[in-house]
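Single chain ahead, by itself, as structure tokens, in the form predicted on its own.
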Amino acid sequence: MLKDKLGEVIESSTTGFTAECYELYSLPPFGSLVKTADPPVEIYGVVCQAGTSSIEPGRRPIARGKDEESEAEIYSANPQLWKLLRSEFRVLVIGHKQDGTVYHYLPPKPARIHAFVNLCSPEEVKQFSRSFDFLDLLMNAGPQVPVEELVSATLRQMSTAQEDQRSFLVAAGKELTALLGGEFTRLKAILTRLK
């Protein structure tokens, strides 16, 4: 399996998709840039939610470690757990690439079911983050997403791919100041999390 292949799309819409990990607990970091493809379009998004749950809706896992010394012993004594649980992550779409050009707005079609989802390479992150036009989509993510946390986590993740992290974050801060105008409380909440 490719190192950066995280899983595959199991639910999709124009604004986002849900992917299931191939390996239990192999979730990408919150705010990381991921991609999937529907040739000739590559769809980019950020991880906005992640979790692990039972594969059967409505059936919750039960505690099993009363007589075990470690979590590893729980899984060793109950090997079926690896098949009864799944790790999933939700992605907010923030752009796409077509014919070699990156666009910071929604793609023409949603991601395909069973399309592979990959973690973007540092070079792809640098190319995507040359413009901060994607911030508008992030800032309007909706009530189910902790927007301030997502924006700051995304910018922190993207800064690790930059040659000059500080300059990148300063430029992002200026862009956020222009976007948020008089919303000082929201702006402060994001900026304090960029450190």
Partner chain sequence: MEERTNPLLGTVVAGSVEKGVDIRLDAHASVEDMVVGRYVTIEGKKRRFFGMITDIRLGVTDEDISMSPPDASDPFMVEVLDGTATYGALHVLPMLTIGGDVASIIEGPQPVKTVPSHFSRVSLASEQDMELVFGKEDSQRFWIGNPLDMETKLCLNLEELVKRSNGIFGKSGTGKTFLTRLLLIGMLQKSRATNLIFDMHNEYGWEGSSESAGRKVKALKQLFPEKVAVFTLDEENSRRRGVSTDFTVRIGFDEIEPEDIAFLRQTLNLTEAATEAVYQLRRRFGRDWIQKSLDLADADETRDILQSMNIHESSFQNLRRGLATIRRLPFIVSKAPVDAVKTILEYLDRGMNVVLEFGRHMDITAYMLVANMLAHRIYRRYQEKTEASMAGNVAPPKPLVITIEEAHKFLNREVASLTIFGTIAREMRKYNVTLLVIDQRPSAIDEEVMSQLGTKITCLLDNEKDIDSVLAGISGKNELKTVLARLAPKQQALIFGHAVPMPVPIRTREWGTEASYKEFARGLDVRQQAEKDIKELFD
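What you see is a predicted model; the values in this text were computed from it and never measured. Residue numbers count along the first chain shown, from 1.
What comes next is about the form predicted in complex with its partner chain, which is not displayed.
Engineer: Tell me the stretch among 138 to 146, 162 to 170, 122 to 130, 30 to 38 that has any heavy atom within 4.5 angstroms of its partner chain in the predicted complex.
Structural biologist: Single hit among the candidates: 162 to 170.
Engineer: Just to confirm, residue 5 within 4.5 Å of its partner chain in the predicted complex by heavy atoms?
Structural biologist: Residue-level check for residue 5: no, no contact with its partner chain.
Engineer: Test of understanding: in the predicted complex, would residue 20 fall inside 4.5 Å of its partner chain by heavy atoms?
Structural biologist: Residue 20: no contact with its partner chain in the predicted complex.
Engineer: Since only the chain is shown here, I'm wondering whether residue 10 would be in contact with its partner chain in the predicted complex (any heavy atom pair within 4.5 Å).
Structural biologist: Residue 10: no contact with its partner chain in the predicted complex.
Engineer: Within 4.5 Å, heavy atoms only: does residue 187 come near its partner chain in the predicted complex?
Structural biologist: Residue 187: yes, in contact with its partner chain in the predicted complex.
Engineer: If we check its partner chain in the predicted complex, which of the residues in 170 to 195 reach within 4.5 angstroms of it by a non-hydrogen atom?
Structural biologist: Contacts from 170 to 195: 170, 173, 174, 177, 182, 183, 184, 187, 188, 191, 192, 194, 195.
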